[in-house]
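One chain comes next, on its own, written as structure tokens: the form predicted on its own.
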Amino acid sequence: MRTTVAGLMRRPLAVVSLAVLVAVVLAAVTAPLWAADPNRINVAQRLVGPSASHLLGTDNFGRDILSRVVTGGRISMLIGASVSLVALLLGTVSGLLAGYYRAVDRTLSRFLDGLMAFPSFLLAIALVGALGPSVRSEILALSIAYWPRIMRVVRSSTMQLREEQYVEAARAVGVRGPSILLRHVLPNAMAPIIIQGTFVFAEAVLLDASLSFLGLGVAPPAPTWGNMLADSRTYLSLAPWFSIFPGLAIVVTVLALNMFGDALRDQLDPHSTRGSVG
């Protein structure tokens, strides 16, 4: 663990992306302490550009865009982190079982192959549409959409590890399958699992914004980056800041997550072809 952290700290992109993510999380978590009410309407201040009183300007109802961006960040980061954790849990458990037990693999893999036949975004739209727009619905829908991807990664690692000599030795002395999976297979499969978690986090944030943009995310007046972009479409030429700042929040957050995931992959993957620093 210390070696991994030390290696990441020697990578400038990892340090920068991690600093950006920490800043986004801190701004979102501490927003109630310093940000104005994101739903406070002030018609007299409609579509006011960035100024000392409104650092990022106001929207079509006179609401402070900075407050809405940081508050929307809380929802996006909550959904992204929750989807990543739930999908990792489902994918890890099912991947271990499918990779170690061939009978489970024959049944479970066929089911998840069916889910993977649908693009993640379309599957998420269908599930959220059936469940109704809410934070819980989004988390459940996106977790199911990303579950097969993680399961296949874990399954592949498990199928390789179960042929290792230390696993065969454990079976030879009578160690049961669940114990082998928890004590020998899972610890050696953690690197790809963690790496996949960072990428799922980034894609979940992006898909949350897409669903909100389409009206399938968290219902207004609760601010999300996606519904802010949807509201700003009519005012692109009149008030460009209305769309620039929520869009910038999405781009910066997703880019930082992907950059950190790349750096983590380079650090944890011994077969990486990338340079040692970058």
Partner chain sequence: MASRTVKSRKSRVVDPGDHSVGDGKLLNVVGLTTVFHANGRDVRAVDSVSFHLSPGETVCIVGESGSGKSVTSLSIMKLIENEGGRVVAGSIWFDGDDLLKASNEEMRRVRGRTVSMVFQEPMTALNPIFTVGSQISEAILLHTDESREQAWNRTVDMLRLVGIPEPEIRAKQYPHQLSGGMRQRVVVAMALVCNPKLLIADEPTTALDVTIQAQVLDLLRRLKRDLKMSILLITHDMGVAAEMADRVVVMYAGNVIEEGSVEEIFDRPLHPYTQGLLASIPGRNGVRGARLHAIAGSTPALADMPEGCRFNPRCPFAVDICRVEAPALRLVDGHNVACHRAQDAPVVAARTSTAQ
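Please read all numbers here as calculations on a predicted model, not as lab measurements. Positions refer to the first chain, counted from 1.
Below, we refer to the form predicted in complex with the partner chain, which is not included among the displayed structures.
Per the 4.5 Å heavy atom criterion, the partner chain in the predicted complex is contacted by stretch 160-168, the sole one of 160-168, 139-147, 91-99, 76-84. Although the partner is absent here, residue 103 is not a contact residue: none of its heavy atoms lies within 4.5 angstroms of the partner chain in the predicted complex. In the predicted complex, the partner chain lies within 4.5 Å of some heavy atom of residue 188. In the predicted complex, at least one heavy atom of residue 175 sits within 4.5 Å of the partner chain.
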